[in-house]
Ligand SMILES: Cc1cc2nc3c(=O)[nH]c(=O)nc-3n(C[C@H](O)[C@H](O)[C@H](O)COP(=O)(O)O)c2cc1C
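Consider the single chain below, provided in structure tokens and representing the form predicted on its own.
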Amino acid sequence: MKIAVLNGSPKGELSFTLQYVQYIKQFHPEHEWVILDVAKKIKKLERRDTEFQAVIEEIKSADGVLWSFGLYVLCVPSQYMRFIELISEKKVRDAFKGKYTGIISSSIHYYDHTAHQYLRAECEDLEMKFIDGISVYLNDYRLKEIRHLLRIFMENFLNSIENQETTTKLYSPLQFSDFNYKPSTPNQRIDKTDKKIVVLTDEYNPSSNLGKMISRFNESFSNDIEIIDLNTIEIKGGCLGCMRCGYDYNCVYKDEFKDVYNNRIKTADIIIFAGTMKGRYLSAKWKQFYDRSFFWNHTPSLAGKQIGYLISGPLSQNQNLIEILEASATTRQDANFAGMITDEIADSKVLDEQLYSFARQILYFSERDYIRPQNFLGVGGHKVFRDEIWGPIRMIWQADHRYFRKHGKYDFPQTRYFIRIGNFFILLLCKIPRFRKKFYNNLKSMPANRMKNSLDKAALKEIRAAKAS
């Protein structure tokens, strides 16, 4: 059989994930393996039809397609996403139809699930037969048990193709609407005081739904807000994965991106990301923005900001993208996720009202420095970063380490000495049957009563302070 490996790393043959592929490939020399560096060569594939068609011909003649990539900011690299866009733009979707497929990725297991869900959904949209996906840690190659699992994954992949097995499907096709938004002129406008509001978009076309949503949002305020179109910024390419920014946040690229990010976006109080859905994400241009902003590494460069989204497209049908966008604001940035507005309502009057209410609410949050407490996405994501930066990746991401140490983000449970002492004595006392019985009998009422008393005292104190001011 012939297996086409679509290498999604901009590093090409130096990809960590590709080394795993090269490892498991050695156990199946009876098959033909073709490595296609579609991410590294994305600019050539965009410009030269012959180069792109050569890739497509390899896929057409393959029995199976293996998608291989390293995780870049909650999803696949922007260069890989651009390749997926080209499949539709160049009208070669039929080359993928009916092909058996699988996914292999490597990462620190930070939102690898959203990347896999994105790519599986894209495969199913291409009518491919999805077999399985596997996500491994960057250094798992040292572990015999993980290498064994990789071999099982590949054996199952090859056996499924050989036996022409029936596969399952998880995602329904997205249903895009032809709704044409017709905004009205607002009756009243909001005074944004001294707050700096920036709308960042990949498409400021006045005739598109997204362009009209941006304009209507802008008109909600008494003063114009800043609108930045990514297409007007010199961005020479997507993140290269070179990791040179790890020491001092300096990107290897010499273009306008870093200056625009630091001086126009990072200085804003309120940031609105506006985009149109393309398949299961926004555009590859948007992904390029997220990947390039990683020159700030794992440091929350937009901490304390208000972040919201204006989306044109069937967002409610794409829960994976909703999770990615929310996590981009919270767990990635320590910012406040202020909400999303989409044109799915298909009612111009209601959309006008939603945009105005959204503008008022996000300004209200900003004026009060409101940052919603983190949920699982934020808490879990922080713990992955904390443990990795303190441990195995500190030598690379030294700027992150300095930030985490300075800002108290190394909040390991073993440093909470009061809890450790309390646990020690309670665990010891619970060995006594009489104490243990009383302790567990009181668990239903004691914590709630203690909490109520504490909150009542706090409320009384805070009400008095408010009246005094």
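Residues carry their position along the shown sequence, with the first being 1. Just so it is clear, the structure is predicted and the values come from calculations on it, not from any experiment.
What follows is about the form predicted in complex with the named molecule, which we do not show.
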Can you tell me if residue 266 lies within 4.5 angstroms of the named molecule in the model of the complex, counting non-hydrogen atoms only?
no
Looking at the partner-bound form in the model of the complex, is residue 230 within 4.5 Å of the named molecule by any heavy atom?
no
Taking heavy atoms only, is residue 106 within 4.5 angstroms of the named molecule in the model of the complex?
yes
Would residue 138 sit within 4.5 Å of the named molecule in the model of the complex, counting heavy atoms only?
yes
Quick one: find which of 214-222, 164-172, 234-242, 78-86 has residues within 4.5 Å of the named molecule in the model of the complex by heavy atom distance.
234-242
Would you mind picking the one in 73, 325, 355, 311 that has a heavy atom within 4.5 Å of the named molecule in the model of the complex?
73
Would you mind picking the one in 110, 273, 153, 296 that has a heavy atom within 4.5 Å of the named molecule in the model of the complex?
110
